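This document contains two forms of one protein chain, each encoded as structure tokens and listed individually as structure 1 and structure 2.
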Structure 1
């Protein structure tokens, strides 16, 4: 019988296995819960490029000393509306989650708060932290720099990260509006997914070591890992004519807020020393709506805005217009209790668990 490519697993069972993997690596249970939740939320929302398929990345990161278990970050500078935090080289999910909790608490007291975080690690989907503010009826902001993977406009070698941006807005009716996007055409994880599935990538996604369009995800990933040249393209592509300079500009700004403003590492200096924390930085924010306008008015007007956009005349052969975050919320609603994973991801998770002596196995339904 042929192997099914996509396997359905229970979310609670998946979380149990992933948590136990982290705990076996001396990650405290609370931290393991946070990290597992961020990874699984990505899969539930259909963002498999940032889900449990990346578990090995974190396992290897802890083993090599890049990610330090058990730390949460410390405040090094603070005002009524700002925080500067040193992540102590910890798991990015834990550092960002704890920081965003502090940001929200300060915003509740002082209307707005922003945090610049240095010396952290990869934190998963940016939207997770922006959406935390929705629980308090606030607007949430989440940015992060990342390993150099993107070629600047007119450049040939990687210099900037995919540097995502997420902003979340509460709403009166329907799903909250959540922008969660890389500033490159696609994130690195998308290439990893295509390589795992043996598929070619569109030529507008990345370049080879000579700066030419490349449809081989493995070649691009290997070149980036070895820094032989080439890499992901900015949002908009390689040229100014298609707006590539705009994606490059957005990535640059994210690096300034996450790396330069935090007093941390930026650009090509991220992930520079093997066996040491990556130096990834984040920038998080929360804003009380009632500091600007009555929350009910804002949420009602946002609902109206969404309804009007969705009711707009459609392009030929198109039946629906989506707003940011809508597809992901619908996917998460479908996958509340069960999530589909590529079969190689299930195999890899079970292999990791077995290697670490974890007494749990992921069993597809």
Structure 2
């Protein structure tokens, strides 16, 4: 019988292994719990690119000194409704989680709060932190800069990250509305999938070493690895005619809010020095809905908005209109207890655990 490509594992078992891996690297238990939870939430929501498949990068990050275990960021400036935080080079998940907790607490008292965070690291899915605001009837906002992988419009080389934007809204019926999108057309991982399948990629995804649109994912990935030029394209593709300058503009402003406003680094300077904190920055926010309008009215009207748009007539051969976050919530509901992982991810996690002498393994069902 052929090896199954996707294996099912129990969420509690997965969390146990991942937590123990972090703890074995001197990450305090509470921080290990937070980091594992953010990673596994991505897998549950079907965002494999940001899930436990990245565990090795975190393990290497801690080993090389890029990510410093045990710290959680310190407030360097504070007003009634703003925070500036130095992440101390800690795990991005821990820094962002703790920051978002404070943002929500301050918004609880003062209606709105925003935090600009510097000197952090990769924080996983942007949506996790935005969604933390939901249970308090707040709107949550989460942005981050990231590894330079995207070319600016008319540029030849990578300069900006895929800098995601997330915003979450509570609702009366059904799933909350959660936008969580990279500002590139696709993440790098999508090119890897197409290469594995031997498929060409759409011309709005990436550029070759000259900066021109390219349909060969292998050529793009090899060029990017060797820094020969080219990279991911912003949402909208290579040209102004197709709106590429808009995706580029969004990525740019996410970096201004995350990197410049926090007093951190930006653009091409992220991940500049090996073995040092990456310098990733975040921008988080929360707004109480009742500062603007009765939350019940907001949530009822948002439900109506969602119902109306979903009930609208469909494009030929299409059966369903989705709203932001819907697919991810459905996937997470399916994967509450058990989550599907690519078999190589399971192998890698077990190899990491064994190498670190961790007393736990993943046993696919």
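Positions refer to the first chain, counted from 1. Because the structure is predicted, anything quoted here is derived from the model rather than measured. We call the rigid core the largest set of C-alpha positions that still match within 1.5 Å between the two forms.
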Selected structure - criterion: the form predicted in complex with a further copy of the same chain: 2
Rigid-body rotation angle between structure 1 and structure 2, smaller part relative to larger (whole degrees): 21
Rigid-core-superposed Cα shift at residue 204 between structure 1 and structure 2, Å: 2.9
